[in-house]
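So this first bit is one chain, no partners, the form predicted alone, shown in structure tokens.
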Amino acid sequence: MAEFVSLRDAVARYVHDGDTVAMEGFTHLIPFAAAHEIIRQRRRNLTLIRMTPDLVYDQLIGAGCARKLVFSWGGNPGVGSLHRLRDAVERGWPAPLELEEHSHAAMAAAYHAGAAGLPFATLRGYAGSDLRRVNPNIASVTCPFTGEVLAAVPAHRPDVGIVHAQRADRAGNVLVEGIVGVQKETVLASTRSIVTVEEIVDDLAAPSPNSVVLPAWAIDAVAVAPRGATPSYAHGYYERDNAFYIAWDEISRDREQFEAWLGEHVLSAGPTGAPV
């Protein structure tokens, strides 16, 4: 059952060295504040899962938190490469990074399987793809009813799932509105879960057609983190900081420049510190 705690206490209690951590949110509601708190608490040897690792994982990788990345696409949306990710893969700085690459469909299916408590997911996919050659976690199964050969991937069962949302009520139920990705599946698939929210309200109000409620019983910790998705956006609360995404390309290219940014905007910031 969800408890209300500070973001600092949530990370201290639920994120441990060596954990597998999934931080989801598609286009908006990306949990940057939680990622920055993980960096401040200097967690190490994490396996990071994310369908679209963008700036949030570039920062965690550059800060030395990660040993492995399980993903389906990685880049700075609309801008270019993730330079801290590339540096870790190509040169082992600040630590070597192992990669496990999947398709978007396989990642989504793996979350669904994890949420359902199943050991693996099946899908029609990977035909003609070279990913099978480099990813031993892509297998094949034969349907016992039709004889069709399908792709299979292990279910995602993170130690910790972390998402950001617009608001929670005082019972700990959480409303996610706007573009809904795999936040629900991430929470349900994870052994422990942290949800950061913009605010606590008495009533979640009538949800829009494009929304999902995460029930309090599925959540371990709710932490208030205003602007906790910045520089991404939170539908109905604030807009995407497009200028920062462009600026990140230059900030992240150089190790010293990245470390200076990290020191000023994350390590020396408060528990809800966000990039400016």
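Being a predicted model, the structure only gives us computed values, none of them experimental. In this text, rigid core is short for the largest set of C-alphas that superpose within 1.5 Å between two forms. Residue numbers here begin at 1 and follow the sequence given.
This protein has a second form, the form predicted together with a further copy of the same chain, left out of what is shown; the following refers to that one.
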Subject >> a further copy of the same chain contact in the predicted bound form: residue 208, any heavy atom under 4.5 Å >> reply: yes
**OP:** Indicate whether a further copy of the same chain has at least one heavy atom within 4.5 Å of a heavy atom of residue 199 in the predicted bound form.
**Re:** no
Original post:
With the partner left out of view, is residue 120 within 4.5 angstroms of a further copy of the same chain in the predicted bound form by any non-hydrogen atom?
Top reply: yes
Subject >> Exercise: residue 152 in contact with a further copy of the same chain in the predicted bound form, heavy atom 4.5 Å >> reply: yes
**OP:** Enumerate the residues of 176 to 192 that have a non-hydrogen atom within 4.5 Å of a further copy of the same chain in the predicted bound form, in sequence order, or give none.
**Re:** 176, 177, 178, 180
Subject >> Residue shift check between this form and the one not shown, rigid core fit, residue 211 Cα at least 2 Å >> reply: yes
